[in-house]
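This document opens with one chain alone, in structure tokens, the form predicted alone.
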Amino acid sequence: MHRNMHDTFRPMYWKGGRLHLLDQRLLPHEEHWLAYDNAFSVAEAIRDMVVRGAPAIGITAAYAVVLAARDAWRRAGEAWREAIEPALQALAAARPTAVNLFWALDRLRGRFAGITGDPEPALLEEARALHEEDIAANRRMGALGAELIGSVAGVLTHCNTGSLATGGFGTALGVVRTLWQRGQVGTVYADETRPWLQGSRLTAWELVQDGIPVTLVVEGAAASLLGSGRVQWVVVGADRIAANGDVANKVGTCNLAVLARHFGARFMVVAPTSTIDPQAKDGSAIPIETRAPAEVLGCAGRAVAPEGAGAWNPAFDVTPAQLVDAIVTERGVVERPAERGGVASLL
């Protein structure tokens, strides 16, 4: 894999017959790698946020299929296709909103019919190809997004959409990386992204790792920041994009789109075409994961709310296409998707 000074690490790799994942729950304080040789354990890792970010979840699931196939072959021989199904179902149930998960499982499943004998080599080849293609797509999106933005004083991003959330380089953060490499951005701002603090723990960590200065803001400061004129573009990723251009992304994204429209900044979504769900007519058809109230009621294992308080904890929200100025994919760009009938031209 080609890397440079602003692109120095990957969140997963395959070695010694096992899948290795950087435990993102421990960042930025500890860099700890976990090794997996069982698909059900990988499904737990996806659900428990060891790995997160729609593209990274998809790649991780692809490697997990390899582990599942190895186990099914050992247990059932030529009947491995039937024996693998429980593992595939467990992986599919791990995170319901990230459509890349299902896309990756379908792609690996598509190789089943042509395999004779041990399925592991062919499926590992497919998983590795998917991983490499993701990185190449991210670089393409980085270039397309940077060309559309041009030179700006500041950009604001939300959650984590960089190397940690993908196979490498990143989607929205890939655009930021490209802007920085070209000297086209003055200041990169990142939302903290509560309650998991992906912006402060992960985005800030990887930008610092790659020598890109970053300024953190709490979500509540976004209006003041955008109103100050210091930010010309909000650049975010996506976990699922509906056919009409509605976008599901980390909760808080819709807030930024509303604020950007009000204060005259532009709003860009950067995601691979595997994130587009043509079966979802609009955002109302996208399942939104609701996570445990404890994530909101506490922080780092310590309560921050009084006992007896409740919490509503949606992991994602939907940004209407009318608030999106551009959707950038590896296949091209759709500006003002609401006016252009959605994203069909990208499929």
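Residue numbers run from 1 along the displayed sequence. Remember, it's a predicted structure, so these values are computed and weren't measured experimentally.
Separately, the form predicted in complex with a small molecule exists; it is not shown, and the next lines address it.
At a distance threshold of 4.5 angstroms between non-hydrogen atoms, residue 177 is out of contact with the small molecule in the predicted complex. Residue 165 belongs to the set of residues with a heavy atom inside 4.5 Å of the small molecule in the predicted complex.
Contact between residue 234 and the small molecule in the predicted complex is not found at the 4.5 Å heavy atom cutoff. Contact check for residue 250: a non-hydrogen atom falls within 4.5 Å of the small molecule in the predicted complex.
This chain is drawn without the small molecule; in the predicted complex, the residue among 242, 185, 91, 159 with a heavy atom within 4.5 Å of it is 159.
Stretch-level contact analysis of 28-36, 301-309, 277-285, 46-54 against the small molecule in the predicted complex, using heavy atoms and a 4.5 Å limit, identifies 46-54.
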